[in-house]
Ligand code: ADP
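Quick setup: one chain, the form predicted on its own, written in structure tokens, and binding and motion questions come after.
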């Protein structure tokens, strides 16, 4: 099967979160299963295309009158394309904004990108059976495919799949932009892209894609409820027959404790001594006392409302009174960054905080920690709990979204891969942590839990096969 995959970010060229990882790993897994995939993303100003192995194509594509240079890189059946637009992308140092503020022309930027991406097949000889779109920046392409490309020989038979990675980010803009985006006013209505009097680009994907997916089965159910639907639950319920939850996978080669180049020692389910060495090394790197007897808790991620950071901050006074250590790596809300840094100054022997993002340190924290905290308010899928399971780091998670689908609560005996709580309150988090600390003292039971998690298969191969089944179902209709 031939596929076109469009995303606003694709690691390692561009990345702000989990979407970039998915846009790197899922196409590669589909190619490994035998498909041919063309991946299209913007060439942002910070991307050194030549360094990544891209070369400029002789043929340009044209989107709304603008001819644009396209860069390509081919690796077997996988081809990456970067489309240029100096004003929209080439002159920008960020993806969606800078210094905490979104770019004011994001609607125009990504509407242009949607059109450019759909011009790639005809320009370069592709005939995709499926066009796979991701989140609001590419959602408009679902409508464009039906209307502006209805007679395009390269796309006339293509079906569309739209994946929701996070429903909270919907691409909401003033309706006055409709003409500037080349959209007819008849599209601006309850059955189209109107949402509370504004233009909502996410709705284009939800309303016009042939199939809708999201990144875990539980999140697929949650977004059809008023509590989890971010205002779009009615539309999602109406399209429930086309909505599927497919768990994200992880890159099992990049996240492998037996060969990870970021680690000072390696380990696997049969040889856990390397994990103890990773813990000692991490404690030294973070300036924490090197004590094997103290459980080391960790948190890596965005310091955002979604991630339950307010619960962690509320629980910090009690956590820092216990015999444990806590390592935090992340960035986000300035007040939360400052609160964590201030707490670290007062509890330097118990708490280490690093603001920002460091890929190598993220790997070393996953390998060296004993427990990993993910008390999310909501979590479409989550990747860190999957990394933690693979690295023998026991997750402490809230029972939402992909966390509920991937972490089995310890039953007090022989089953379970982590500690799960339900209520969104500090006391519930602390109770789950306390359960983890109690089990940590029983090394035999603790190692058994570690091994159960490490033995799970969360590779992309399984998830890719679910997508391939979905694609086949669409194209065989």
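Since the structure is predicted, the reported quantities are computational estimates derived from the model, not experimental observations. Numbering follows the first chain given and starts at 1.
One more form of this protein exists, namely the form predicted in complex with adenosine-5'-diphosphate (ADP); it is left out here, but the text below deals with it.
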property: Contact stretch among 287-295, 190-198, 300-308, 227-235 - heavy atom within 4.5 Å of adenosine-5'-diphosphate (ADP) in the predicted complex; result: 300-308
property: Check all three, 63, 143 and 173, heavy atom within 4.5 Å of adenosine-5'-diphosphate (ADP) in the predicted complex; result: no
property: Among the candidates 112, 89, 162, 387, the residue which, in the predicted complex, approaches adenosine-5'-diphosphate (ADP) to within 4.5 Å (heavy atoms); result: 387
property: Selected contact from 247, 158, 329, 181, since only one has a non-hydrogen atom within 4.5 angstroms of adenosine-5'-diphosphate (ADP) in the predicted complex; result: 329
property: Non-hydrogen atom contact residue 383 with adenosine-5'-diphosphate (ADP) in the predicted complex at 4.5 angstroms; result: yes
property: Contact test in the predicted complex: residue 358 vs adenosine-5'-diphosphate (ADP), heavy atoms, 4.5 Å; result: yes
property: Heavy atom of residue 344 within 4.5 Å of adenosine-5'-diphosphate (ADP) in the predicted complex; result: no
property: Distance check, residue 397 to adenosine-5'-diphosphate (ADP) in the predicted complex, heavy atom within 4.5 Å; result: no
property: Sequence-ordered list of residues in 103-137 near adenosine-5'-diphosphate (ADP) in the predicted complex, where near means a heavy atom within 4.5 Å; result: none
